[in-house]
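Given as structure tokens, the chain that follows is alone and in the form predicted alone.
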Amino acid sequence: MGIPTTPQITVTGERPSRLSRLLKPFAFMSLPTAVLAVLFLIPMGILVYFSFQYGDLTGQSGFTLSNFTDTLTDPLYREIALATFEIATIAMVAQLIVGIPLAYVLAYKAGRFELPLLLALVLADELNPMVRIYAWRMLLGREGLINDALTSLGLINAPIDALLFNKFSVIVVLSTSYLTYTVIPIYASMKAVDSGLFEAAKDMGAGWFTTFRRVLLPLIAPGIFIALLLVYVPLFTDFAAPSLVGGTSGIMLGNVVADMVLQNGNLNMGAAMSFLMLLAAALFSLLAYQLSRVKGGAK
């Protein structure tokens, strides 16, 4: 008698099922990714196209680089760009000075009030931006609440005009307008940090500043990076606050682009300036990402 052989079992469908499991996430992501790509690439293509075009009253048009050269060489635009950088940087630093301690309180000290305070912070951001700006005008104006209070207390004899329609008022408004988007990413990063590390640092003789600089700051660097992306980049393009509280000294690049497109009808120059601002934002995002990796200890 021959030795019975074990029948070979052929597994069918294993490779397709494994392949389908691997491709399933891509199938779910394909449609939203395609939609986002279309909504991003088509407007970006239109922006780039108009930034390299020119047109005159005779109806002639064509390819040109003058939109970029005029923007980069005009001393007025350079002055406004420097003012925009100054306003946005000071506003961002002010928000970090307020946002990091506030996030620390929410993450480690608020206790049972943590969720209500976090919800209050989110709800405060739901207020219409125009309402917030006009509220600041009522506070900072010549007949505003701040001047009235200082006059009533006898601290000043005449209203202070320097509180409104200048760089200071724009910085104040912008610093408070984006505070929620500064606090929440940093708060989320702090929630992932074990508070026992602070006690360990204290036991090793580190003071509060050393603990913050050597322990907390490197660990929350990714949250600060997200806050910079969410806040610092949009600060450069803001035009509502400078228009309503900035006056002549608080003009920013967003106002220039808005005036070019909406008032002067110079779509090509406005597109070129917007494209340059987009490139600057991309370079800043790359720099902020590299700094966050260094602070976070990434190799």
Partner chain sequence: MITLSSLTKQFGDATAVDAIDLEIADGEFFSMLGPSGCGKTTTLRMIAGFEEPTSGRIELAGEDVTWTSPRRRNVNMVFQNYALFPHMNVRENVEFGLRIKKLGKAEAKERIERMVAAVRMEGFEDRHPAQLSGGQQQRVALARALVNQPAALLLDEPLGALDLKLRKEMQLELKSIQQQTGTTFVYVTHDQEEALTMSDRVAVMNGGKVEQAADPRTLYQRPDSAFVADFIGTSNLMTIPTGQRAGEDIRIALPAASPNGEVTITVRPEKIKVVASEPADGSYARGTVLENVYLGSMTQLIVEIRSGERLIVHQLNDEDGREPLAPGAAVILAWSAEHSYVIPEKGPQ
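Numbering follows the first chain given and starts at 1. Keep in mind that what you see is a predicted model, and the values were worked out from it rather than measured.
Same protein, other form: the form predicted together with the partner chain, not shown, and the subject of what follows.
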- Query: in the model of the complex, which of 87-95, 127-135, 156-164, 190-198 comes within 4.5 Å of the partner chain (heavy atoms)?
  - Reply: 190-198
- Which of these residues, R142, R214, R78, K109, gets a heavy atom within 4.5 Å of the partner chain in the model of the complex? R214
- Message: Using a 4.5 Å heavy atom cut-off, which residue among L219, I226, L118, I146 comes into contact with the partner chain in the model of the complex?
- Response: L219
- Please run the contact check for D203 against the partner chain in the model of the complex: heavy atoms, 4.5 angstroms, yes or no? yes
- Exercise: T210 in contact with the partner chain in the model of the complex, heavy atom 4.5 Å: yes
